[in-house]
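Here's a solo chain for you in structure tokens, the form predicted on its own.
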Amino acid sequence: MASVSSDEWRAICDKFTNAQNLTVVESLNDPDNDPFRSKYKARELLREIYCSLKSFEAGEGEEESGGETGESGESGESGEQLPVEAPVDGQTEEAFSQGFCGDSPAGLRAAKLGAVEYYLGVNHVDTEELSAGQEHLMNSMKLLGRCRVSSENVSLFIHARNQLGILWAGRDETETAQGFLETAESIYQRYMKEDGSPPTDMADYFSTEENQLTHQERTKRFELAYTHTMYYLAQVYKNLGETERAAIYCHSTLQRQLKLNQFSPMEWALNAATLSQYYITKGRYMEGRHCLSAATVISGLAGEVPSEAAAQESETESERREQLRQKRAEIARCWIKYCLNILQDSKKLLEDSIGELDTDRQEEMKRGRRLEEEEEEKERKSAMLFGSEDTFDSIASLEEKVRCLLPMDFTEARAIFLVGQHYVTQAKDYFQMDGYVTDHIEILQDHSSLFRSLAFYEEDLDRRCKMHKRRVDMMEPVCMELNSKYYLMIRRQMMFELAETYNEMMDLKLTLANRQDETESLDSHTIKKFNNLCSASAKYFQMFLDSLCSPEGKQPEHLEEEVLRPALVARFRVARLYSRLICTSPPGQVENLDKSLEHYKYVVDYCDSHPEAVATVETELELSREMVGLLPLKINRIKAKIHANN
């Protein structure tokens, strides 16, 4: 190959520098009607470099290397003309034991030609000519296949496989992408184990001696390439359904990005917050909290949100304001899910068969708390923690403000509830009803669920009832305002939740009244309040059922799977509510019981004519059959009394 001091070699280096500048810098300013203008120019320079390298090789008596089609430009320039066949990768052992030495003249020639093929491949992929891009990248792999992995070529080995992994993942050939990326991972790990020295960067192949990268810069670029490998593998494993493996790779990617200081604060923060949701669903609240705390701290590195005045004066500031507010609101929503899930998981462990707090179980779990805290400390020491010298303390400080152990009593639950409520306010500030109806309502529903979860721990029934009243107050106006034509499913959800909430309040009021005066009958004020709550619950269940009817008001003969259980449960609940209304007038009692019987009969008749529905409402169906047998007797007794009195 030509001497690095020759004019010819310097000309090649200049062409490469120009090609890189066209690709990275000039292409950003290409017009919309010619979006790849700079990249096409870069492609021509890369072809010229390839021809020059081949002529040097021929001049030195080397045998022609096969595979390059860049000179003629026939490697799929017209797009997807070439047959797309998934190649196989994975020969890590051979890559380290066979072929030319990386620092030999033949090894260096192969690496330089392979690098040009790599850049041509990326260029074609960038211009949406994927078949041509694939061919160039595979040519790069073939050239590298002549060499053993060494510090002179290991970076190119990994970059080429990363690009092929991306290309095949884009074609939904996930397993093919997996092969390339896992080989890249294996090459990196073995190289670091057996050598570990700062490898030659691909740009150094075409740099004069005075422009060579430092060892520190080489190391950083190499580590960043492997970080990309891990990032792409995380996506591959996610698409393959290997969620735990995907989470591990995502976590490691985020950790490496911080260490290398190669990240966009808001993008990194949103990825960390998203990862937290995986940990939360697995009950791994320490890791979930750590991801969210890191997300909050790192998002702060993006700076303050521009004011409305600044946004009005500058389009750039307006876009920045929008992005910062939206992404921070999305992180806040992830915090809400954290608080809600930890409260709900605790409730599942502590509730008895009727949904009340099991105090014996509570005491048992409290006794085991010290062991949990010791385990948490051990796990924390062995966990993959985020942060740098600048951010680690801030992340740890935020973590201390939020529990990651399941709450055992009202005080602990309330502390988590307040954190969740803080982030509800933050999320609602961006996701407002005007413009974000669905998001706003989902946040309202989460807020309602936070109150419901907290109420479970509250021993004072009056205060518990007030918590449920807060739920009604936040949801009822919104539910009534929604247009069923556009938001039918959301409105149904809210109707059902309001019905259940009123039902819970009714039960609490009755229990409270009975506790206060167990020797006397209920006073008229208590009866009125009880009946109002009972009627409100029945009203919203009926609204839900009416929403299933045709425009003419006809009940559906067949209930769709997604509404089957809710519809039959609503019928059952309405039947139960009518039977519980307190009425001193016998005719009124008969009227309420007739309505109750009608709804019980519907549940029984529907299940009899649709046997597939039985499994969805086994308990409700059993009770409905029982009530269909008992209620007529009760109705007849009341009618007999009315007749006798007349």
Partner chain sequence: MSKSKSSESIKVVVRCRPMNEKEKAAKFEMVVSVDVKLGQIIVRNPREAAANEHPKVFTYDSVYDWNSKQIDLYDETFRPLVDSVLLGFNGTIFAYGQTGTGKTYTMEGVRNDPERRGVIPNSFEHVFTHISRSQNQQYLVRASYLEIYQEEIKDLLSKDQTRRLELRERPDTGVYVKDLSSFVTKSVREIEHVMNVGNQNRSVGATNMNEHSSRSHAIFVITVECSELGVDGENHIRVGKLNLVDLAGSERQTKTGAQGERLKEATKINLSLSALGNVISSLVDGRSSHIPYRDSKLTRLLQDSLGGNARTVMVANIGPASYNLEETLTTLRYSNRAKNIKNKPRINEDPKDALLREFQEEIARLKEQLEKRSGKKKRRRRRRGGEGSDGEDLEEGETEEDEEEGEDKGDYWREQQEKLERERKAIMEDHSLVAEEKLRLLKEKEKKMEDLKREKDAGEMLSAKVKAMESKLLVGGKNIVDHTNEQQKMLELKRQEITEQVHHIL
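In this text the structure is predicted, and so the values were computed from the model without any measurement. Residue numbers count along the first chain shown, from 1. We call the rigid core the largest set of C-alpha positions that still match within 1.5 Å between the two forms.
Although it is not shown, the form predicted in complex with the partner chain is what the next lines describe.
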query: Listed residue (A499, C334, M506, L406) with a non-hydrogen atom within 4.5 angstroms of the partner chain in the model of the complex; finding: C334
query: Answer option from D195, E561, D462, E315, heavy atom within 4.5 Å of the partner chain in the model of the complex; finding: E315
query: Interface membership of E182, the partner chain in the model of the complex, 4.5 Å heavy atom rule; finding: no
query: Contact flag, L224 vs the partner chain in the model of the complex, heavy atom cut 4.5 Å; finding: yes
query: In the model of the complex, A246 touching the partner chain (heavy atom, 4.5 Å); finding: yes
query: Residue contact check: L568 to the partner chain in the model of the complex, 4.5 Å heavy atom; finding: no
query: Residue stretch of 212-220, 171-179, 526-534, 196-204 approaching the partner chain in the model of the complex, non-hydrogen atom distance within 4.5 Å; finding: 171-179
query: Three-residue site E8, Q20 and K54 fully in contact with the partner chain in the model of the complex at 4.5 Å by heavy atom; finding: no
query: Residues within stretch 238-267 having a non-hydrogen atom within 4.5 Å of the partner chain in the model of the complex; finding: K238, N239, T243, A246, A247, C250, T253, L254, Q257, E267
query: CA of H124, rigid core aligned, shift of 2 Å or more between the shown form and the other one; finding: yes
query: R161 C-alpha relocation of at least 2 Å between the shown form and the other one, rigid core basis; finding: yes
